[in-house]
Structure formats: C-alpha cells, structure tokens
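One chain follows as structure tokens, the form predicted on its own.
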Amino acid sequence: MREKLVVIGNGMAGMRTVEELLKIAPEKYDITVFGAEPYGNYNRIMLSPVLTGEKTVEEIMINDLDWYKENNITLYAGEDKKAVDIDRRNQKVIAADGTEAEYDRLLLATGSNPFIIPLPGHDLDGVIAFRDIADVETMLQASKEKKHAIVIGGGLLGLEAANGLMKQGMEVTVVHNLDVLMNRQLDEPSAKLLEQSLVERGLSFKMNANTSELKADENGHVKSIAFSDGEELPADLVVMAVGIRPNIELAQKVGLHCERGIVVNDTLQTFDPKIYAIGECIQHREELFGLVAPIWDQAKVAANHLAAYGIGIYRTQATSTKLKVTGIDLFSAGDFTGDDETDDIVFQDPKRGIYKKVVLKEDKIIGSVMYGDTIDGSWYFQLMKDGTNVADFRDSLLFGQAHMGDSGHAGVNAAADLPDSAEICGCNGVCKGDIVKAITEENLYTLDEVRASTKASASCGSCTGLVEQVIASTLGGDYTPSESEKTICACTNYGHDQVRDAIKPNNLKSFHAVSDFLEFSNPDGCHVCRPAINYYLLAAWPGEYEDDMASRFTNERMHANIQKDNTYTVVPRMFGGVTTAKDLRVIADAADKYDVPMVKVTGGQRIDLVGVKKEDLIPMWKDLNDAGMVSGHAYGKALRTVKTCIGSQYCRFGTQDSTGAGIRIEEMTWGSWTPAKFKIAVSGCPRNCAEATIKDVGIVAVDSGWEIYVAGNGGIKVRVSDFLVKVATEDEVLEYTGAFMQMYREQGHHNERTAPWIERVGLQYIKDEIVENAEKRKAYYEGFLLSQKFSQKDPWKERASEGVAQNDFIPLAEV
C-alpha cells in the first residue's frame, strides 16, 4: 500500500522534489499538492520575459495541469485551496475552503514573500511587488493605461521589472537607496558601467534615494513618490523589488521551530521528523536561499530521503551568478570585494564595455566579478571551487582560458550571437538550435541536464564553455552552473574523487562491491559509471583486479577502432616512430593478404591499416605478432604513441638522442591504461620538430639535458604544455615521466585529459608532489613500474594465440 505524501507549495522547489522522487521511487507515494496560485508549476524566474512580451505564460510552464494527471498527482490549486493549517497530531493538511489531505510525510515548500517597505502609502492601489503571474498581469495592464512607473530596488529583479515596463512603453525610474546597482553581485566600477548602459537604453535612476512617502490621488491610487530631499516624482505604478523573506507563517502557526526560516537538518528534515522543508522558506546551518542551484541540490537530497534510501546529505556549495540584464552579460562569484590580505587583478576597457576583476588570496581565487565579457566566468568559478593555485599563470589569468591555449573558448561571447545552425559540439554534431530547443522545451537548467539530453560536451568536453554560454544566454538568471563535486552519473550522488577514495580503504575490488558499498540507485550501473569504476579498480589494484572488458567501450573491447562502414583500423606499435624494412614488408603483406583498402601514415608516426573486416582481425594480428609487433593501443584510454624527431644521431641541430630516449620511454609506458588517451613526444632540440609541447608529456632536449613539459593538448582543444622541470639524464626523464603518469592515473577523473586535470588541480600541486618531493616522486614512479608488470600484455596476442574473447570477432549472420 502506498504511503501519502502532501506537498504544500506548487513552486519550483516543491515540484522539483516531486520530479526527483518520481524518478527513483514512482510507486512509493500517493502525492497531493496544495498551491495558492491557479496554475500548474511554472518557472518563476522567467516572469521577466513574460513582462517584456518575449514569452507567454504557457511557455514558462514547467509542468502543466495535464502533467499532474499523468503522474496521478492530486493538485489543489487556487486561493481557496491555499493550505492554512496543519494538524500535526492527526497528520493532515487543511486548506482555506476546508479541503483536507492526510499525510505520512509532509513537504513544506512555501517559498518566500516579497518584502514591502512599510512606507506611508505602501498599501495604496497601484503599489505591487514582482513575484508572480498576477503581478505581471497588473504591470501589463498598467502599461496600457498609465505612463509613469517607479521601481524601488536596483537589484536584479528591480532592473528586470524596469526593463520590462520600459519595453511596454512606460517611462521608468529606478529608485535605489545605494549608489551601486546590484550591490550583491557587482562592485562599483562594474555597477557604474551597467548604470551608464541602462541610461543609454532609456531608464532613469535616482540613486542614494531616501523615499519618504507614496502619495495617493482622490481615488486612493498612487500618484507620486516623495523623497526626503524634497523631490517628488509622478508615479502611476510603483513596483517594490527590495528583497524577499522566507514564508514561514504556516510553519510558525503549527509550532515548527523557525528562526529566520524553517530550521532543517542536513536531510532537510524539520524538528517534526515527518515533515521536510525545502527552498526559500528554509534555514539550513544559519543560511537562507534565493538562487536556483542550491534548491536543486536540496530537491535531490529531500527526494532521496522521502524515498527512504537514507543516503545523501545537503551541504551548501559555493554559487556563482551569471546573468543577462537587458542583454548585458554579468558574472559574479565569491568575495569580489576583498580586503587588506587580498590582491585584486583588474582589466578594464570602457570603450568596449568590458570589466573583469579577480580577487586572489594566497594565489587562490576567492572571488570574481565580470561585466560585458563573461566567457571565463565558469573557469574562474571552477578554479575558485577547486582551490587551484594560480601562481604559475597570474600574469595571464585575466586574459582568460583562451590564453591558456584553450581554443574552444576563443569565440568569447560569440555563442550568444551565433545562428541556431551553428555547430557547438563537433564530436556529437549538436547545433546551438538543438541546445536552445532542449532547454526551452524540456525545462533544462544545468550543464549536466543539457549534456544528458543533447550529448553536447559529452565527449571530449572542449565545447563545455560554449555550451555554458548558450545555456546562460538562454536562461539568463536561471542558469545553474555545475556543481563543484559532480556526480559520476545518475546512479549515484557521489563524485569521481569520492568513489576513488572509497575503493582502497574499504577493500572494494569489483564494480558491485563499489555500487553496494556506496548504495548506487542502479546497482548494475550505466554506460557512464561502469567504464569509470572499471578503470579506477584497475588503477587501484594492479595484479589483483581483472579488467572487465564488458565495461569498456566498443573500440577497447575490439582492440581496434570501428569505422563508419563497420570495418576496423589496425595500428601496430612502432616504438619511437622507428620501423624497419622487414616490418614494412610484413605490414605490406598483411595489407595485400587481407585486401586492406587503405594504408595510412598517422600523425603519431605509425602505419594504419584501414578498412579491416571483423573476421580478419585475429588472423591479421597473428601475422603481425609472429613478426614481433604488438598492438599500438590506438583505440584506448591508454598510452598511444611516443613521437620523436631524428635527434642528434643524424640531425645537425640535434643536441640529444631524442629517438633513443623516445624508444626507451615507449618501451616503459606501452600498455598502460590511463584516465584518457595519453601521448608523449621527444624533440632533439628546441626547434621542437616532434611537437612535444602539445603532448601530455613533452620532452625537449637542450645542450645541458632535457626539459620536461606536461599537460599539452592538440586536436580540438589546443593547449600548450606547462614547463615542469629540467633534468640532466635520460634516466631522470624516465623517472619523471613515470611519476607524472602514475599521479595522473591515480588522481585524474575518467575521460579527463591531462590538460583539464592540471587546470583543475594546479601546476604547483604537481610540482609539489613530484618535483619538490623526491620521495613522493620515487613512490609514484615505483607504483607505475609495478602496474606495468601486469599491464604490458599484448591484447592482440591474447586473442590471436591464447583464445581470449573469440566470440567477439564472429560476424553476425545476415538474416
């Protein structure tokens, strides 16, 4: 028999919790919802576009009335259905018209009330807040009949109301009691830029204003606003947008413990264990809430506990604000004012309307504010949340991630102006229009939601910044940046690091041991978590954990890259890019024998046999093995190649034997599994013919030894590598290379290349671990060599000569 869940509040927080609950426990409850407005569940933050006429009420509905019927939810909506009492002893909710509903669990999501300044005249006709659809309808009606509008409050909501009324034809003056607009999000320089821009667009401002009275005409309707300095402005409509207060009236009435909000614990439970609360009405660890991002986190936790899973607790995360006010991009996060112990790095270009400020404390970002150009806001925010030491790139920090070599962000704010046909995600062929459509039609709010729906940024991730731009420009203030600790997937609330940290201390040695211990909602996992955890187990237990090939992607299972015509490519390894006439004859014979349509030289200095039939893979590998060749792992999240130039043996510019060093490195590293594909190159002199500075590890020979660079990247997302250390000998090169690879193997997230990894953890952290600490470096190096004892098995040989996984290579019969 189902239990009964009653939700008081039909807003975004309450219904988000219900949506999360329906995902994980759809049969647990009969659900009843009480809402004071006569609508379904709508996106309150999108009221501004309704006011400007850009959207209709129907277009901002998240769940219309049919959704409640389809999910067997009883909805009591309207003023007479407003919940006015709770009988806690008998566990039932009573509405204004006497309607009652019993509950086993009750969720309070009563939201907040707009604050109305108790001025003389605050209760006059024509004085309203900006909180719901009724307020918007009042403003739209007033704009048809009246001329002068006053908006009290220079925050985001006030400016959006002012902009909407201006677009409806009214003459609007914004009254603010400070000299800085949006003082919670902007500092003085950026606020002045905003004010100047809004004045140019037609808004008027009265700053540092002390309102004394609202005056009425003979009909009791507001006619003017008076100030303490004696000035008086005409006012046919006054909108108060000066903040909100948690709506705790009902909770207080029934005796629930309230302070500034309804006090809840880490599971969103009130002092009555049968009653949960969520959203703007609550107070959690002294904090109140008004942004969407933390409320979405609360909804997941509350749903989890309502489903009786009993896992997950709510912790307040740092939040950023990325807004679009009347077409102007703004971003702010953290402490952007600073103090005597902080450093401000500021970039200003008044002519272009650009302002950037990053606040540092001990070389770590603690806050940022941006105006006009906000493309790097998400990057700064991530650096701030990760606590990344930015000492190594302070000098270029304000020029943005593009100057870290990230070509994926070079479009600056262009994404907002791109046509719908513009391709955003090259890996998955997703255009801007696809993303915008998914956001608006499916009511998506976060990068993860957009990624799950459209696949945009789900592969290499280089377009993440562009996708976030599209989300931000589409949602404006409704945008929810990604969480600091992203969950691996929907099967668990734990992130990559949390899962990895649980494996060794708890002796977890199989996927199901991990999923059971961490209580995954899907105990068998999904296509995202299974490959990730398979890798983490492989890295944690070398020699003990048996690689689960069923948890690998197709190319890794087949040990060859599948092509669009269902044939495969075969790439034998050529250590250091060196081959022989004998090996070339073997490859040529294989190409002839198996009728290979194309023989291609790769960028990694190898030869690619393209178009091999599935049934020919094993016999071809056998022929190559018999000639002494092994798999090049051209298909895997593994060491791919060690590219070299010809070096000092023949080149007149060469300073060291780069070819010989490259062969030694590849002989040490081949077969190693890594979080993502891994490439190495060795150049014999600073001319860098092997392009070493765009590889995961790049080694450049100089007269006195070798310079080692790390975390470079080519392809879609070009990143020039960072200098790690200079050493004197080849043996030291091997030690540093092995140590760096092992550190990355142990700490990188699955599918995370070294470039984003090092930007996440910081170059200084890498240096501290393996340059400054010789003992740790040796430990990492020894760990790498140990794992290689078990990894350097040729998968081709296992299948061609040892009978492994033969069924994988039998073609499907045609029917």
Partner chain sequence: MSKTIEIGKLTDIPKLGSRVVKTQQGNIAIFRTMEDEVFALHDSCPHKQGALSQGIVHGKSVTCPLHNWVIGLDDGEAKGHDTGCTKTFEAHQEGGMVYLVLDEV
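A quick note: this is a predicted structure, and the numbers were derived from the prediction, not measured. Rigid core: the largest C-alpha set superposing within 1.5 Å between the two forms. Residue numbers count along the first chain shown, from 1.
The same protein also exists as the form predicted in complex with its partner chain; that form is not shown, yet it is the one meant from here on.
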- prompt: How about Gly604: is it within 4.5 Å of its partner chain in the model of the complex, going by heavy atoms?
  reply: no
- [ ] Using the partner position in the model of the complex, report whether Ala550 sits within 4.5 Å of its partner chain, counting heavy atoms only.
- [x] yes
Check: So in the model of the complex, does Tyr445 come within 4.5 Å of its partner chain, heavy atom to heavy atom?
Finding: no
field: Proximity of Tyr568 to its partner chain in the model of the complex, heavy atoms at 4.5 Å
entry: yes
Note: exactly one of Arg394, His257, Lys726, Lys614 sits with a heavy atom within 4.5 Å of its partner chain in the model of the complex, namely Lys614
Checking Arg201, Lys167, His512, Lys622 against its partner chain in the model of the complex, the residue with a non-hydrogen atom inside 4.5 angstroms turns out to be His512
Within 4.5 Å of its partner chain in the model of the complex, heavy atom basis, the matching stretch of 220 to 228, 694 to 702, 523 to 531, 244 to 252 is 523 to 531
Looking in the model of the complex, the residues of 538 to 563 with a heavy atom no more than 4.5 Å from its partner chain, listed in order, are Ala550, Ser551, Arg552, Phe553, Thr554, Arg557, Met558, Ile562, Gln563
Is the shift of Arg89 between the shown form and the other one large enough to count as movement, that is, does its C-alpha move by 2 Å or more after the core is superposed? no
- Message: Superposing on the rigid core, is the Cα displacement of Cys529 between the shown form and the other one 2 Å or more?
- Response: yes
*asked:* Given a superposition on the rigid core, I'd like a yes or no on whether Ser197 shifts its C-alpha by 2 Å or more between the shown form and the other one.
replied: no
